[in-house]
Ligand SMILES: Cc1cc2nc3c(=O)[nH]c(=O)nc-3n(C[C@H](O)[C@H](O)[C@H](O)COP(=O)(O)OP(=O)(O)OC[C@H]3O[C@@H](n4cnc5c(N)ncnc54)[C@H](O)[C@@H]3O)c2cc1C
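First, one chain by itself: the form predicted on its own, in structure tokens.
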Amino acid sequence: MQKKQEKTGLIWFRNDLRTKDNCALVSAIKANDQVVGLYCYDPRHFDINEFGHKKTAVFRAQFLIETVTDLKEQLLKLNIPLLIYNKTPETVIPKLVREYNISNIHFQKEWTPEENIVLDNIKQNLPRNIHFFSEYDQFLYHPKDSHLTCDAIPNVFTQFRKHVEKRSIVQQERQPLEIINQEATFENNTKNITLDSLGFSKFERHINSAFPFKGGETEALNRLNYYLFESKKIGFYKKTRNGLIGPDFSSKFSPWLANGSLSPRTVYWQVKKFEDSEYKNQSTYWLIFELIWRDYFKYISLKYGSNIFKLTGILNKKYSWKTDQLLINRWINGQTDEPFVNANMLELKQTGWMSNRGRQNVASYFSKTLNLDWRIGASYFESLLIDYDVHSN
């Protein structure tokens, strides 16, 4: 009897850097006999962009390195190796497909332009018999459960929130299957990337940072457990969330949510568990409320596509934007006429973090008081913020 040909699947990790509640991981284990993981530190993510900013500065780079290191450890518990490269996915994936005889590629579905270009380039360099499996996995309310077409997505958050709260459901978390039995031996000669290899000299976490945490799924789940069940800080979230300095004013979940080392569904169901076992109040609801805000920005980017990056914005409004480099530098370096703006900008420059209230104020000052091209400010946020998220930025 002819031996059945085994299927080998590749999990291409991007902004879903976790093993808990990960659709691509569950899909890969179900569909394949053997599974190998991949993460690429895409060199383009560390280049200088058109506005003169490094797309990813040292704070998020360090957080990412910690996250991928932890992901590798968690995947090994499932007997899945994680291959790590400091190269573009277009270069690496076709090579791996040939080397490991990969037939299926599993990944989280993205829709913003840069990600789409990369995927198109990969597909052009692969045989047609390679199967691609992707699914939206970064939402609280999955698009197929939202009962909204793209055109029908409201432009007002409150309308969106009321709709999804009334008509949508939050799916249960996806749990990985039992440890996969890898009959083939995958030689993993790749090593974890260092800051030095990404072009950074050193990193020291600021002693007074309001975000003193490390990257990775393990740290994310520890923080979630601490904030909800150990300290019960969630019970005061609505009152304290706009505090400026300190780890516990707000949940601080956003960096882990941004790179996908924590799932919004995991947060949701843990809050529900807290409400069942402890108590329910405005603060427990408000944490979910903020997750819905996060979803809303993703839905808006689904609706408007690349328009969210255009100078005129999604409403196609024309303003007289300036590009005065002196004013831009004063804003960046905390040397404006506004002490509150300065304090927040210095915090960002030295820690990679800024409170929600701070962000709203410095962004408003940049665009509405100084009348500077908002895309330049957005570029600086993208570079510095540990929790940068393309849809919310």
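Remember, predicted model here, so these are calculated numbers, not experimental data. One rule holds for the numbers: they count along the sequence shown, beginning at 1.
Keep in mind that the form predicted together with the ligand is missing from the display, and what follows is about it.
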When the ligand is placed as it is in the predicted bound form, which of 289 to 297, 167 to 175, 143 to 151, 83 to 91 ends up with heavy atoms within 4.5 Å of it?
289 to 297
I'd like to know if L385 sits close to the ligand in the predicted bound form, meaning any non-hydrogen atom pair within 4.5 angstroms.
yes
Give a yes or no for F59: in the predicted bound form, does one of its heavy atoms lie within 4.5 Å of a heavy atom belonging to the ligand?
no
Taking heavy atoms and a 4.5 Å cut-off, does W374 contact the ligand in the predicted bound form?
no
Non-hydrogen atom contact S254 with the ligand in the predicted bound form at 4.5 angstroms:
yes
Note: exactly one of L346, I328, A31, A363 sits with a heavy atom within 4.5 Å of the ligand in the predicted bound form, namely A363
Which listed residue (T336, T351, S367, S355) meets the criterion of a heavy atom within 4.5 Å of the ligand in the predicted bound form?
S355
Residues of stretch 327 to 344 in contact with the ligand in the predicted bound form (4.5 Å, non-hydrogen atom):
none
